[in-house]
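The chain below stands alone and is given as structure tokens, in the form predicted alone.
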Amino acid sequence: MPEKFDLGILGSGQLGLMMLLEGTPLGLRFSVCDTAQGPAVRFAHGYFRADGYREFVDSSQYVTYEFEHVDGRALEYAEEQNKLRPSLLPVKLKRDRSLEKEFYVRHGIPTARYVVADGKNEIMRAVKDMGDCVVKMCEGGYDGKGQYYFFDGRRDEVPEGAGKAIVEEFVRYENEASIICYRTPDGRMGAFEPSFNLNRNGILVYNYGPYRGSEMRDIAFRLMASLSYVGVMGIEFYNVGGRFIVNEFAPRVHNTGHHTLFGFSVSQFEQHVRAVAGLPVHEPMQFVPSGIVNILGRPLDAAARERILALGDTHPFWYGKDEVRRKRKMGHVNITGSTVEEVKEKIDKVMDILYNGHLDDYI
């Protein structure tokens, strides 16, 4: 008899790894399907290569994904079998930024002003008309990839052969923030406390919370309901004078939710597994202020690990990737404290240990 799994995960990166580590103690069995054997494969109960996607889906009660850019055949087949959670629609929106932005406008989700342009000439005409702006290629962009800035004298070079892009007004925001929210199969919704985020070159460097912004919760619920969403979602916002507008959403567990591993009654990873598998889900409680620092483009050597652990209430999480590269997320450090200020102070100390004032050398 073929082996059966409670949940199949498309993708084998660190997000899948953390889903496995948080979901396995619930007594669930997981399989992973990917073109390569990433960190999650080490802890999965089963592994399927990409061309075995049908067997992968057939052997799983439900299928979820840890990344939008996974094998489309597997996504479509899981959707046909009524096993895919979240559904295929959020992935389609994320694979084309213009569709994502159109969806926001159609459903009253606040977002920055934009136009769609196709090809370098059209893009540059739109840049001229828009003024200060950001060009974001519609396909393949994440972690700052495929983005070109035109503001305050900076003029990036859009490559010849560029395809479809959105040309978005450059938002003069006070800061960036995010919320991790969730929706169950029967339509119940909830959210973790929002967090303050610091990004550089489109990559999250650190975040902490709780952070003010009840408006984010209302917007999150509207977006999830409009998608008939199931599972955990991360949504990034710009704070513009106390008004929050959506930068983008991620139809999965998210880097800005890693602080939930130690700060809350349930982590985003367990919450996602529960929602997708149809298990009981409860509103998360924040026990202590919490945050993370990402370990970007560098190893976690013994000296750095010991200095981080010596700070107290700090928990390094190494993903076990096979190669250290600039800009690559190699791990993160969870941080908790009795107050937000204490968390921020520890973040500064961890940043000094990891980067010693030279963050740009790593991202």
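From 1 onward, residues are counted along the sequence shown. All values derive from a computational prediction rather than experimental measurement.
The form predicted in complex with a further copy of the same chain exists for this protein as well; it is not shown, and the discussion that follows is about that form.
**Student:** Consider the chain as shown here, without its partner, and state which of Lys101, Arg217, Arg274, Arg85 has a heavy atom within 4.5 Å of a further copy of the same chain in the predicted complex.
**Tutor:** Exactly one residue meets the criterion: Arg274.
**Student:** Which residue among Pro280, Pro159, Gly187, Gly140 has a heavy atom within 4.5 angstroms of a further copy of the same chain in the predicted complex?
**Tutor:** The residue from Pro280, Pro159, Gly187, Gly140 that makes the contact is Pro280.
**Student:** Within a 4.5 Å heavy atom cut-off, is Phe269 in contact with a further copy of the same chain in the predicted complex?
**Tutor:** Phe269: no, not in contact with a further copy of the same chain in the predicted complex.
**Student:** Applying a 4.5 Å heavy atom distance criterion, does Asp313 contact a further copy of the same chain in the predicted complex?
**Tutor:** Taking the distances in the predicted complex, the answer for Asp313 is yes, it comes within 4.5 Å of a further copy of the same chain.
**Student:** Can you tell me if Gly263 lies within 4.5 angstroms of a further copy of the same chain in the predicted complex, counting non-hydrogen atoms only?
**Tutor:** It does: once a further copy of the same chain is placed as it appears in the predicted complex, Gly263 has a heavy atom within 4.5 Å of it.
**Student:** Applying a 4.5 Å heavy atom distance criterion, does Asn294 contact a further copy of the same chain in the predicted complex?
**Tutor:** Asn294 lies outside the contact set for a further copy of the same chain.
**Student:** Given a 4.5 Å cut-off on heavy atoms, tell me which of 66-74, 27-35, 321-329, 48-56 is the interface stretch with a further copy of the same chain in the predicted complex.
**Tutor:** Flagged stretch: 27-35.
**Student:** Arg42, Glu306 and Phe317 - do all three of these have some heavy atom no more than 4.5 Å from a further copy of the same chain in the predicted complex?
**Tutor:** Every residue of the candidate spot has a heavy atom within 4.5 Å of a further copy of the same chain in the predicted complex.
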